[in-house]
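The form predicted on its own is given below as one chain in structure tokens.
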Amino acid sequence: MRINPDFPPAAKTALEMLHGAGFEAYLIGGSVRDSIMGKPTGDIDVTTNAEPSAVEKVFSSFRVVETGIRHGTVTVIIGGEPVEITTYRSDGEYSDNRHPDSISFSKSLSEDVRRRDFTMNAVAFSYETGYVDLTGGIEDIRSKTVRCIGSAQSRFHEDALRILRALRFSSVLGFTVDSDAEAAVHACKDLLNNISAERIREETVKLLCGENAAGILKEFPDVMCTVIPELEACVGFEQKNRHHIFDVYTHTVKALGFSRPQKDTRLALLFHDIGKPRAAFFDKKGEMHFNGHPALSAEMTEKIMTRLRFDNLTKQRVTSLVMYHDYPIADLSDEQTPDRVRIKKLMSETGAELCRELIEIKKCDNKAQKPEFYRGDEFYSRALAAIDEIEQNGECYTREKLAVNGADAEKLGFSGKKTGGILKLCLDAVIEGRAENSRKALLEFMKNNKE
């Protein structure tokens, strides 16, 4: 098999130094898998029969970080690249479904490989031996199969995060989860309740950003509802509304599948209708409506993302995208033409960058409805073009761009909340073309609207 020349120089240095000191050493994990797939290699993981104290001695001239010394792992910084070096080991019981209660160092690569998660991540490589495949990982990589090493249920009971990792690899790499692992994913899903929120968040985001994310969400709704219980009400909830042909969950999955794999966009699409089952009601003609569902969905989104410990910026952006995803950008009299006034008002609420993301979300949301209601790609292209024109022309859509400010309002007798209120009125008047954005015109406008 051809040696991939794209392993970073730090990888070769690490192996050479360990071999030179008389130890076995192999690259293993994602970088080896990626090399077999012909992809650029990423994080460098090395497995060796050298124990941590010996590894630290071998690399005494380098910066060494004891990142996981209790489990036999140290990180060596070589040429600015982190190289994670772990001693061969076997693991004891996993009473918390995440970490082994004890570990034992081993002298055998085969014993070390048996404790790992998936065959595709258990292929080893050294420049002396080439690829060493003890679990059939190379064939599984070639056939694009996610297969556990040994019993899938045993692997998931050892570390329940592997359940999400299996789905994430399937989503990102386009691999199929084999039947044994698929059955175990469904059977063991409740073990995910033992995993920290941070770990759940990281794997879920990676899964959502995979090219095959929609396929995974469609196939494993029970797992997604274990991770995000609020989704359960959406599964099978039929939308008895003329605009829809799918239940809320299927509509969500289809909308997400139409989007580009960007974190905030995909999170917003996952959550955009999560409040619909709670907001649903029937009118006198028997048609279902969801008035107020964007605000309810945004409220639920904020709680979910807080629980999963998202950073504040991501939480703020995604919640805003959910809040405004249903904001109209066309006039009811001409639903096929983007309305610049409405778009400017949306920009005033969200800013230009987030408004562009909203156009993407609105497009995907619309595309996942009944086909005859899709406005077409050109409609959304024109909406994006309008945002660009508004920015390029320097048109006013924020208070900062107004020709008057708070100090001007205070001189006219406004104070407290009324100051913000009159400036909001000024902005609306400028956006709607009812007032010119000049100091003279807006001062007169404020005088005429003191009440």
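Residue indices: 1-based, along the sequence shown. Please read all numbers here as calculations on a predicted model, not as lab measurements.
Form predicted together with a small molecule: not shown, discussed below.
Visitor: When you measure heavy atoms, are 201, 273 and 315 every one within 4.5 angstroms of the small molecule in the predicted bound form?
Guide: Not one of the three qualifies.
Visitor: Could you tell me if residue 43 has a non-hydrogen atom within 4.5 Å of the small molecule in the predicted bound form?
Guide: Yes.
Visitor: Quick one: does residue 168 come within 4.5 Å of the small molecule in the predicted bound form, counting heavy atoms only?
Guide: Looking in the predicted bound form, residue contacts with the small molecule include residue 168, since a heavy atom lies within 4.5 Å.
Visitor: Is the gap between residue 116 and the small molecule in the predicted bound form 4.5 Å or less for some heavy atom pair?
Guide: Residue-level check for residue 116: yes, a contact with the small molecule.
Visitor: Please tell me whether any heavy atom belonging to residue 162 falls inside 4.5 Å of a heavy atom of the small molecule, as the geometry stands in the predicted bound form.
Guide: Output for residue 162 is yes: heavy atoms within 4.5 Å of the small molecule.
Visitor: Please determine, with the chain shown alone, which of 48-56, 65-73, 25-33, 420-428 has non-hydrogen atoms within 4.5 Å of the small molecule in the predicted bound form.
Guide: One stretch meets the cut-off, namely 25-33.
Visitor: Which residue among 367, 244, 340, 206 has a heavy atom within 4.5 angstroms of the small molecule in the predicted bound form?
Guide: Among 367, 244, 340, 206, a heavy atom within 4.5 Å of the small molecule in the predicted bound form occurs only for 206.
Visitor: In the predicted bound form, which of the listed residues (121, 250, 320, 259) lies with a heavy atom within 4.5 Å of the small molecule?
Guide: Flagged contact: 121.
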